Each structure stands twice: as structure tokens, then as C-alpha cells.
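Only one chain is shown below, in C-alpha cells, and it's the form predicted on its own.
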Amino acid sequence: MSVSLASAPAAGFESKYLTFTPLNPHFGACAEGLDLTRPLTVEQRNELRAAMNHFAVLVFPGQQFTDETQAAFAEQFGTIEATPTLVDQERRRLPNMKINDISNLGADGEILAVDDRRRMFNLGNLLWHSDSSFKPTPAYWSMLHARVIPPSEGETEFIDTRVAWDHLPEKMQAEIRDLVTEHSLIFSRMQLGFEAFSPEEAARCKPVPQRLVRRHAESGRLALYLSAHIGRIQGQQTPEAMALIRDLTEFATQRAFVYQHRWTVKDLVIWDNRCTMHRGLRYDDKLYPRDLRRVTLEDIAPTLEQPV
């Protein structure tokens, strides 16, 4: 599948408190004008929420967060997910359980060994995915803050899956409109050959059903709900199903649809998991420390229980 891309600028969103610089012709913006480490007024929260519904990805540079202020900011917009990590939770580096540790560091602050199980598991972040799509009630927003970054590489890429849906041929839209997929962390990690789950971890990774096409409630637009965590489509043979998922992912992530974010220390990037996918890019994680910290909000309900 390929398309001739029409220009659909993400500009045009009016704001009282924020100024926006579009990041991609289709979605995303750099937002400036608010100190997010301070409590926001109701009007400011409503404006930020409206901007997220419009842009799907917002970059806020220069935000001086601690773990506590980052979590407090997030809680103004919803409920923070429980259980932020899966493997080796007893070896967790960060004491605040509301914070996801997106780093290559162990509890001693040193870079993880090449063969460390946590490093092998974290390589799954290099695959295009939507956060927590493997949970019955998946993620709403993710908020990732840069504390330490390598001197080069390690960018994060984003797409807006509403854009991908809008550009799909009508025949394909009709074919996939009512499909239900199954998601699990085991499915995504198996793509990289990672199978070292403990029995307890595997028990927490039972596949969960999600709609392949969902409606983004606030914008009213349809979105592909794609993720590397997909391993089946209900009612289809697995090879056929996964060939379709691969085709859709390649279509959705064609370069014209992608925004690549080059990190600067103190950047906060917020994305809406209901209508985006993202992936990390490689860097020399055996040599350079990288410390990003994420807070993730949970959605209101499983996708099968939400209006379509």
C-alpha cells in the first residue's frame, strides 16, 4: 500500500496560554508558555487537554521536573497506571512506583550489563508500539521526561494513527473496521527472541482483546490501534493475521507520517496512546547512560467497551 500524501498542517490551534510550533505536516507541536512543574488552573488544564486532542503529541522543552512533580502534573489529567514495570521488579532502580524507568541503568546507577535480562527486555522499546496496549484497560497519555541523554542517537519516533487511517484506501478501511486483535508483552518480546519470562511474569501476560480500529472520542476521528504487542486477530489464522498487521504497520509508519524527536535534557514529551505509536531508536547503551522517566495514565475502559 502507498499513498500520495496531501498536506494537512497541524497548525491552526488557537491558545491563550501556549504557543505552538508544528512538528510534522500532519500532527504534533512544540508547546511553550507554561511551567508544568506548578499546579495548573482549570482553564490551563482544559487548554492543554484540547491541544493534545488536536496535536496528539506535544513537546514541552525546559521542564525542571522531579519524580514527585512529574507525577503531580500527570495526576491533574487522570489516574496513573499501577505496576509500571514487568521484569525483575525486585531490582527496581526508582523508589517512586508511579514512575516508569526508561533507562539503561541498574539500582546502583551503573549501566546494565550487556546480557542483563532487564536490558534484553527493554530492547522491545525499539519496536513500534502503543504503551500498555497489553493491559485490559490500556493507556491514555504517556509523559516522558529527559534527565540524562547520550551525546548522539537515541531519538524517539512518533506517528498519529488517525492520519494513517485517513489515508488508507476505502477497501482496506472496510476490511479491517470491525476486527479485534489480541495483545501481550510476550508477543512483542518474542519478535526479538526474548523468552526469559518467569512463570509469574508469564501469568501476567495473558493476551487481551482490543479493537483494531477505535474512535478517538474527543476529536471524533477514527484511529488504527496498532502495536508490536499484537500477536493475533480473532477469527483469522495467525500467519494471515500477522501479515495484515505488518502491512498496516508499514503503511502507518511511512516516513512522511513520522516525527522524530531529538532529545534535549528537560524535554517533556506527552503523547496520546489512543491514537499514536512510537518507538525508541538505537544508541550506544553499553557506553553512555540514558535516563528518561515516564508517567503513564490509564484510559477510562477497555477498547471493546468504548463507543465506536
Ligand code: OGA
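In this text, residue numbers run from 1 along the sequence as written. The shown structure was predicted, so the numbers you read here are calculated from the model rather than taken from an experiment.
The form predicted in complex with the ligand is left out here; the points below concern that form.
Student: Specify the contacting stretch among 273 to 281, 23 to 31, 49 to 57, 36 to 44, defined as having any heavy atom within 4.5 Å of the ligand in the predicted bound form.
Tutor: Residues of 273 to 281 come within 4.5 Å of the partner.
Student: Can you confirm whether 146, 262 and 266, the three residues that make up this candidate site, all sit within 4.5 Å of the ligand in the predicted bound form, judged by heavy atoms?
Tutor: No, because 146, 262 and 266 lack any heavy atom that approaches the ligand to within 4.5 Å in the predicted bound form.
Student: For residue 129, is any heavy atom within 4.5 Å of the ligand in the predicted bound form, or not?
Tutor: Output for residue 129 is yes: heavy atoms within 4.5 Å of the ligand.
Student: Is it the case that residue 156, even though its partner is missing from this view, gets within 4.5 Å of the ligand in the predicted bound form, heavy atoms only?
Tutor: Residue 156 belongs to the contact set for the ligand.
Student: Would residue 168 count as a contact of the ligand in the predicted bound form, using a 4.5 angstroms cut-off between non-hydrogen atoms?
Tutor: No, no contact at 4.5 Å.
Student: How about residue 102 - does it come within 4.5 Å of the ligand in the predicted bound form, if we only consider non-hydrogen atoms?
Tutor: Taking the distances in the predicted bound form, the answer for residue 102 is yes, it comes within 4.5 Å of the ligand.
Student: Which residue among 137, 191, 125, 219 has a heavy atom within 4.5 angstroms of the ligand in the predicted bound form?
Tutor: So the residue touching the ligand in the predicted bound form, by this definition, is 125.
Student: Using a 4.5 Å cut-off on any heavy atom, which residues of 229 to 244 would contact the ligand in the predicted bound form?
Tutor: The stretch 229 to 244, when checked against the ligand in the predicted bound form, contributes no residue at the 4.5 Å heavy-atom cut-off.
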